[in-house]
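As a starting point, one isolated chain is supplied in structure tokens, in the form predicted alone.
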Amino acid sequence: MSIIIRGARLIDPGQQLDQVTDLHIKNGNIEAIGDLTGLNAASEINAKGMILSPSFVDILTYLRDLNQIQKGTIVSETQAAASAGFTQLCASPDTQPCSDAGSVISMVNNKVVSAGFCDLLPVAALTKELKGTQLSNMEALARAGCIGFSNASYDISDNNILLRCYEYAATFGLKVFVQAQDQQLGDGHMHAGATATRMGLDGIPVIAETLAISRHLLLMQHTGVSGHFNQLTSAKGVNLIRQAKAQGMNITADVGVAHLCFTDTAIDGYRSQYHVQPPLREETDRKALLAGIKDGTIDAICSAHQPHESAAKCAPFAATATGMAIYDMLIPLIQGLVDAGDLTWALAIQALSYNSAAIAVGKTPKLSVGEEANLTLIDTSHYWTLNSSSQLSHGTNQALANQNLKARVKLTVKRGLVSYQM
């Protein structure tokens, strides 16, 4: 396939590239970059005013399927991911059955390959059935292609077990992914603040995150294991990661896009679409998370995409399922941050693509001649309405449903082939 994308703004933070030019894709690779006037291709796209970047890598998503097809299928959710600019996905291991065996990983991967929209970067369970009592066979799972290990949102309360997990992972040079929230302190429904008090909901204090981060950091420092923290939510949590990095610890961190855009006040009126775990915090926390991206404390932005069927969100707030369907909203949410002056597209692309790829696969993408063509083209001026006919995810828990939005992915290319086109 031969494609010429004309007049796009090419952004590649890894090469400090930010220029308006043309790009030619041929035989799966980037064939040429520059003024391609006079050159023709089978497919040509006028991308004037659009942004072209390396495609995105999602450090945390929930693909559902298996025994949760009422929430979404691997076909629907990977297609939705491609429509948000992603070509590689790190799926949470809390599938049903749990991703603690090579057979489950293989089954999920085969479904992803068959769908063809994205590639799977498997993250396997750190402990068997995520119960925190027995170690999974990490070395065998790594040989089966798993890029890291996580206990998802299930806290491992036994320090002896957690220490053994980290020692094992460190011995084999494996990466652990951590969602840091203390199980007992995190037994609530939203951030412990004025909104929770007014609404009479059980709150989750910031110390639920900071206590867990501190505990994991100490064990990581003791064992030397390579660690990644998923979904930071608080200013104090960001400061702990900043201090650990300043000490030279081998750690990275990400933030969910929802935590960059929303605060606990969005829940006012018991709006279950904003019922997420870990919880949305206060405006000072949101600003600190953005500052963490700008100064490099936070490396990546993840989707934390969790589709749900309507019934899962139709109950008293405390009884509703946690999570937000993000893929259809991701680009408009980032554009909103850019328009507000909170973020630039260069920083967003670095966090969604360059840094995420470095964390997940240890290799960074490039917009360079000869490189494999994994690209995302974003129309930042496209206005559209998110509704049941325009969304691709099966998740009905779209916080911006029926709203007029700005910006959308025009084209996603995976290994030189179009995986999504608007």
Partner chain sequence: MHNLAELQLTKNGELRHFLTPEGLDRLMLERILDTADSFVVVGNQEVKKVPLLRGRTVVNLFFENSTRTRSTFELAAKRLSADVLTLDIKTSATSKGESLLDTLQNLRAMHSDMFVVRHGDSGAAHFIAEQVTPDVAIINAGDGRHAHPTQAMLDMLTIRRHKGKFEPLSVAIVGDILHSRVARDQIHALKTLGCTDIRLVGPNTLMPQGIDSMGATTHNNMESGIDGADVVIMLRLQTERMASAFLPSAGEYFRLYGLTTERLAQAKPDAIVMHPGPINRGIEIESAVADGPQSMILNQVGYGIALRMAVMSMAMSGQMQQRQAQALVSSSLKGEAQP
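Note that the structure is predicted; figures quoted are calculated from it, not measured. Positions refer to the first chain, counted from 1.
Quick note: we don't show the form predicted together with its partner chain, though the next part is all about it.
Check: Since the chain is shown here on its own, which stretch among 316-324, 102-110, 285-293, 126-134 would lie within 4.5 Å of its partner chain in the predicted complex, judged by heavy atoms?
Finding: Looking at the other structure, the answer is 316-324.
G269 versus its partner chain, in the predicted complex: is there a non-hydrogen atom within 4.5 Å?
G269: contacts its partner chain in the predicted complex.
Proximity of G186 to its partner chain in the predicted complex, heavy atoms at 4.5 Å
It does not: once its partner chain is placed as it appears in the predicted complex, G186 has no heavy atom within 4.5 Å of it.
Although its partner chain is absent from this view, report whether A192 comes within 4.5 Å of it in the predicted complex, heavy atoms only. A192: contacts its partner chain in the predicted complex.
My question is simply whether R198 lines the interface with its partner chain in the predicted complex - judged by any non-hydrogen atom within 4.5 Å. R198: contacts its partner chain in the predicted complex.
Check your understanding: its partner chain isn't shown here, but in the predicted complex which of E139, D339, D158, D202 has a heavy atom within 4.5 Å of it?
Key -> None of the other options qualify; the answer is D202.
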